[in-house]
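Only one chain is given next, in C-alpha cells, and it is the form predicted on its own.
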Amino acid sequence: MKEFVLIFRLNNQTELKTTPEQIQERMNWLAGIAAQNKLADKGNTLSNESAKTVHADNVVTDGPYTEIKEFISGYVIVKTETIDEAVELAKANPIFKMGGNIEVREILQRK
C-alpha cells in the first residue's frame, strides 16, 4: 500500500474554533478510516499563531501569510492502494461543512 497525506485547509482562522459536535464528527471520520486499517498516522492540528517561514538568505517572516486565502490547519496520513481511494476517504471529512478543503498527496519514500 502507498501512503497519502491529507492536508486540511481552511479559508480563515476563525474556522479553527470547532464545536464539540464538530470534534466528534472528525473523530468518527478518523475511527472509520482506522476500522478499515487505512489510518497510518492520525496527524495533528497545526498552529496558526506560532509559525515562521524561513526564506533564502536567512530571512525569517511571520506565518502563515495573512495575504493568502487559505491556510493549512492540519493533516492525516492514510494508506491506500491508489490516490483515488485516498480521495474517497477525504470526501467524507467534515471540514467541507466549514468551508475548507483537502489536498491529497502521495508520500514518496526516500531511498
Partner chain sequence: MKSADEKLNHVLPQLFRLEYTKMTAVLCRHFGLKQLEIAEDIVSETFLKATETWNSKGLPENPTAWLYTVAKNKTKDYLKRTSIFENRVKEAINEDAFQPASDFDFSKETITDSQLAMIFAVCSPANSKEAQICLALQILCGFSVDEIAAAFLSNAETIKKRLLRARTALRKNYFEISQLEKPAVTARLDTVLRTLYLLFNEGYFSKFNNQLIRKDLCSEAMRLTLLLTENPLTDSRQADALLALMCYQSSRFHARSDDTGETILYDQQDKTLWNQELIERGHHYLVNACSGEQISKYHLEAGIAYWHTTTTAPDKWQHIFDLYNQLILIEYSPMTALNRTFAFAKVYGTEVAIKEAENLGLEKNSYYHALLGYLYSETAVQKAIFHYQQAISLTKSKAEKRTLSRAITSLERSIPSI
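Because the structure is a prediction, the values reported are computed rather than measured. Residue numbers count along the first chain shown, from 1.
The form predicted together with the partner chain exists for this protein as well; it is not shown, and the discussion that follows is about that form.
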Although the partner chain is absent from this view, report whether residue 24 comes within 4.5 Å of it in the model of the complex, heavy atoms only.
yes
Is residue 50 close enough to the partner chain in the model of the complex to count, meaning some heavy atom within 4.5 Å?
no
Answer with yes or no whether residue 44 is in contact with the partner chain in the model of the complex, where contact means some heavy atom within 4.5 Å.
no
Given that the partner chain is not shown alongside this chain, does residue 74 nevertheless sit within 4.5 Å of it in the model of the complex, heavy atom to heavy atom?
no
Contact check for 28, 32 and 37 against the partner chain in the model of the complex, heavy atom at 4.5 Å
yes
Which residues in 73-105 have a heavy atom within 4.5 Å of the partner chain in the model of the complex?
none
